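Take a look at this single chain in structure tokens; it is the form predicted alone.
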Amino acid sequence: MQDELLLMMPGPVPMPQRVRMAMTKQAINHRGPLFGEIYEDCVRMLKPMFGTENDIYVLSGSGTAAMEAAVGNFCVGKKIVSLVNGKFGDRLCKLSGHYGDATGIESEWGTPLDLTRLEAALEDGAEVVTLVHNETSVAIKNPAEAVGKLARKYDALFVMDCITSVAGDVVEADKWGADIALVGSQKCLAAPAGLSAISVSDRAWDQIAEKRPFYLDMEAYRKSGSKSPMQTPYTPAVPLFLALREACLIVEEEGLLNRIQRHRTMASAVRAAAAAWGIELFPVLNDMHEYSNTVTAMTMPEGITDSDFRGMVKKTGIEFSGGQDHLKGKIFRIGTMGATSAPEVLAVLAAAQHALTSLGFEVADDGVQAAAEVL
């Protein structure tokens, strides 16, 4: 990979060679049995990653397409309450407003959600709750299980965006009461961008809207998915399905629990480096919120600009992310998703440490050494 940029971002992420090669195969008939077997294989392997026995469908569209499929099929005209403490919670809230009566329960980005206000909204008749489980814009993991319990208590549908936690952290959609759960292909799965998957419970199917999106009509996906072998209602992105299956096979071979532990260890190593440097982690936690195990957000040191810092690191062939929207220039984010492991983590930390010191920041201690001890 010496001539390739190493992406240490919260998606897209580096893809294993097997995944890349899967996309080079000759075209196949997407209405034939071979494609159906590929699709069924993806669904079979995705179910334990979601922690669900519910129906799963793969969409030819990014994670935002899955968001829209969730809201546009199952939340139309409903009173929706969206929990927001980052960019993607905000996106899900805005999307909800296109299809229903959406209200955002907003916290400062990177701070805990207010579940007291959530319960009050449910008491007031909210019919749907939306949540981003792993909010990568600020690297905080939100309390999905607690939110699910509240949704169940008031008989509300629970839509859980686990786009950046499936295959990288524990996701228990059924146990947590998630009626609809979502994943994106280019995150912890380490597949190419352009696919997403959605799981749908029986409770959600019972409430499907009469007027639904055309391309993202989940009733059409259910009808085509019931065929043997499975099909999609419209032409799928076949090369991406081939790559997704290969990525899922890699997860299966590694073992889901092993993969989750690897992600936890890598994130712990990055946090150890931050502590050694003397750089503050951005999220504010309480007893219900945790640091993300797939991306780490740190405050930008005073006197260092985002363009200088990340630009210097990029010259070494490594790229990580800055802040989004009003957090641009204020934080930086190092992703540890998918196929990455100790060598990639140490490489990005070494490059970041070199850039920090070159730009005049005095590190308190050797962050690379601290991370190596964790790894």
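These figures come from a predicted structure and were not determined experimentally. The first residue of the shown sequence is 1; numbering continues from there.
From this point on, the text means the form predicted in complex with another copy of the chain, which you will not see here.
This chain lacks the partner; the member of Pro48, Gly61, Gly317, Gly36 within 4.5 angstroms of another copy of the chain in the predicted bound form by a non-hydrogen atom is Gly61.
For the options Ile56, Val313, Leu327, Ala65, the residue carrying a heavy atom within 4.5 angstroms of another copy of the chain in the predicted bound form is Ala65. The stretch that touches another copy of the chain in the predicted bound form, counting heavy atoms within 4.5 Å, is 236 to 244, out of 131 to 139, 102 to 110, 144 to 152, 236 to 244. Under a 4.5 angstroms non-hydrogen atom cutoff, another copy of the chain in the predicted bound form has Pro213 among its neighbouring residues. Taking non-hydrogen atoms only, Gly367 never approaches another copy of the chain to within 4.5 angstroms in the predicted bound form. Contact check for Pro283: every heavy atom lies farther than 4.5 Å from another copy of the chain in the predicted bound form. Although the partner is absent from this view, Ala220 stays clear of another copy of the chain in the predicted bound form, with no non-hydrogen atom inside 4.5 angstroms. In the predicted bound form, no residue of the candidate spot (Ile250, Arg271 and Gly335) has a heavy atom lying within 4.5 Å of another copy of the chain. In the predicted bound form, the residues of 170 to 201 lying within 4.5 Å of another copy of the chain by at least one heavy atom are, in order, Gln186, Pro192, Ala193, Gly194.
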